[in-house]
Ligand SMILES: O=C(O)C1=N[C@H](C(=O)O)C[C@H](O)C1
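We begin with a single chain expressed as structure tokens, specifically the form predicted alone.
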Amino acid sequence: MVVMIKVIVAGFKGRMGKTTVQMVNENQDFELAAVYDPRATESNLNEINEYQALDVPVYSELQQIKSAGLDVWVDFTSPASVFANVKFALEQRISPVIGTTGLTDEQVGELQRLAKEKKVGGLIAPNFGISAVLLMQFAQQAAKYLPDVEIIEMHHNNKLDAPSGTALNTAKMIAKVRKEKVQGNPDEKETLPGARGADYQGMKIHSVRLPGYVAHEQVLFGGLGEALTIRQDSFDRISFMSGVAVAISKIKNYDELFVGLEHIL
């Protein structure tokens, strides 16, 4: 007898949350056991027209959640609430799979310590797209030889945080193989503040927010007489679901909190 993985989706009213609910419901190895969103007014998913065939409890407060039997907490909520959500999940020994960005390094460290204490596996993924994971790995490799780099990330105009978690993680991965350096003219002056973008250890990160976009990133490298551009595009949120499904399937096999999907692929 196959034991299904019981999943709670946090942020089910958002676009990524809705896509995740659909994926979990259609996966024969998963059971959609509950959903959570502070904006919810329903008590059951079947009160919503598109989910009339589903008998799934809806929660709008963390304290309401009946955690017994839940295996994996998938979180696509907001930067303001993700830390409390993940801490709650770990304390209840529910393995978190986190797609929400905005956690600080200090918060990640605290959550990783809690995961080790509770011996609970978890994942914080700046991006669940396989192409995005490959972009970050390729960029890290290229930075060993082309240390002058700038990052441009492009997302839909409703995204709350900037830069994106993927862009920031790309910069962190590059920083591991690249010495911090000042790029461009050391005497340059911004005639319009912010024109050169955000700075991470000498690398510039630029954020674009426009309707019609989903999630896109370019990493630009420059050298003497040459240039390299690595680009990744996610045209539909369904592109993230293969990574989410892999994380749900594997995360209970671990007893620590990872940052980056590549750690469990």
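We number the residues from 1 along the sequence you see. All of these numbers come straight from a predicted model, not from anything done at the bench.
Another form, the form predicted together with the ligand, is not on view; read the next lines as being about it.
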Point to revise | Ligand-site obstruction classification: the ligand, superposed in the predicted bound form, backbone or C-beta within 2.4 Å | key: open
Study note, to complete from the structure: Contact with the ligand in the predicted bound form, heavy atom within 4.5 Å, among Lys181, His156, Lys87, Arg113 goes to His156
**Study point:** Among the candidates Ala215, Val58, Ala33, Leu220, the residue which, in the predicted bound form, approaches the ligand to within 4.5 Å (heavy atoms)
**Key:** Ala215
Review point. Is Gly121 close enough to touch the ligand in the predicted bound form, meaning at least one heavy atom pair within 4.5 Å?
Key: no
Practice item. Find out whether any non-hydrogen atom of Pro147 is located within 4.5 angstroms of the ligand in the predicted bound form, and reply yes or no. Key: no
Exercise for review: Please check if Asp161 has a heavy atom lying within 4.5 Å of any heavy atom of the ligand in the predicted bound form.
Suggested key: yes
Practice item. Indicate whether Ser95 is a 4.5 Å heavy atom neighbour of the ligand in the predicted bound form. Key: no
Review point. In the predicted bound form, which of the stretches 188-196, 173-181, 137-145, 123-131 has residues with heavy atoms within 4.5 Å of the ligand?
Key: 123-131
